[in-house]
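The chain below stands alone and is given in structure tokens; this is the form predicted on its own.
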Amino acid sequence: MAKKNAVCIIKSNPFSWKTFEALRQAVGMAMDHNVSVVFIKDGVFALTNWHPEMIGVPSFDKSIEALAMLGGKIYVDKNCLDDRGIVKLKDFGVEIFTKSEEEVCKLIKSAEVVLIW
């Protein structure tokens, strides 16, 4: 099977199971495909230095590390960060690319598979 270009969009706030599951799914896909994860809207809060375990949500730090290790790319929409007053992202030890809304749209348009969380 040929590798597909897949984009996983995380737009929901991270205060539930969705971000954890979206990243877990992205890691699984990255074993066989080219995967990009894009954080937009309230999903950008997942990239801040918050403590999910304090509200009973599993940490997804290891999933972010595994995704990068498998060649996955992580992007965040700069406009969404600015709209929410976020100036600093958590250091996950992997590169997180900040892109404009236009660049995010191009990335999504180039995908063969798009999953939205």
Partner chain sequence: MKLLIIMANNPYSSDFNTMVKLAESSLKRKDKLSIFFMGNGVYCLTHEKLKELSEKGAKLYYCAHNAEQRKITPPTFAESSSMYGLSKLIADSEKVIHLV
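Numbering follows the first chain given and starts at 1. Keep in mind that this is a model prediction, so the values were computed, not measured.
Just so you know, the form predicted in complex with its partner chain exists too; it's not on screen, but the next bit is about it.
S.K.: Suppose contact means a heavy atom within 4.5 Å; in the predicted bound form, does that hold for all of K4, R24 and M29 with its partner chain?
M.R.: So, yes: the whole triplet contacts its partner chain.
S.K.: Does the 4.5 Å heavy atom contact test between M69 and its partner chain in the predicted bound form come out positive?
M.R.: So M69 does not count as contacting its partner chain.
S.K.: Would you classify K78 as touching its partner chain in the predicted bound form, given a 4.5 Å non-hydrogen atom cut-off?
M.R.: K78 lies outside the contact set for its partner chain.
S.K.: Using 4.5 Å between non-hydrogen atoms, is V87 touching its partner chain in the predicted bound form?
M.R.: Answer no; every heavy atom of V87 is more than 4.5 Å from its partner chain in the predicted bound form.
S.K.: Contact between K99 and its partner chain in the predicted bound form at 4.5 Å, heavy atoms?
M.R.: Looking in the predicted bound form, residue contacts with its partner chain do not include K99, since no heavy atom lies within 4.5 Å.
S.K.: Of 30-68, which residues get within 4.5 Å of its partner chain in the predicted bound form if you count heavy atoms?
M.R.: Heavy-atom contacts within 4.5 Å come from M31, D32, H33, M54, I55, G56.
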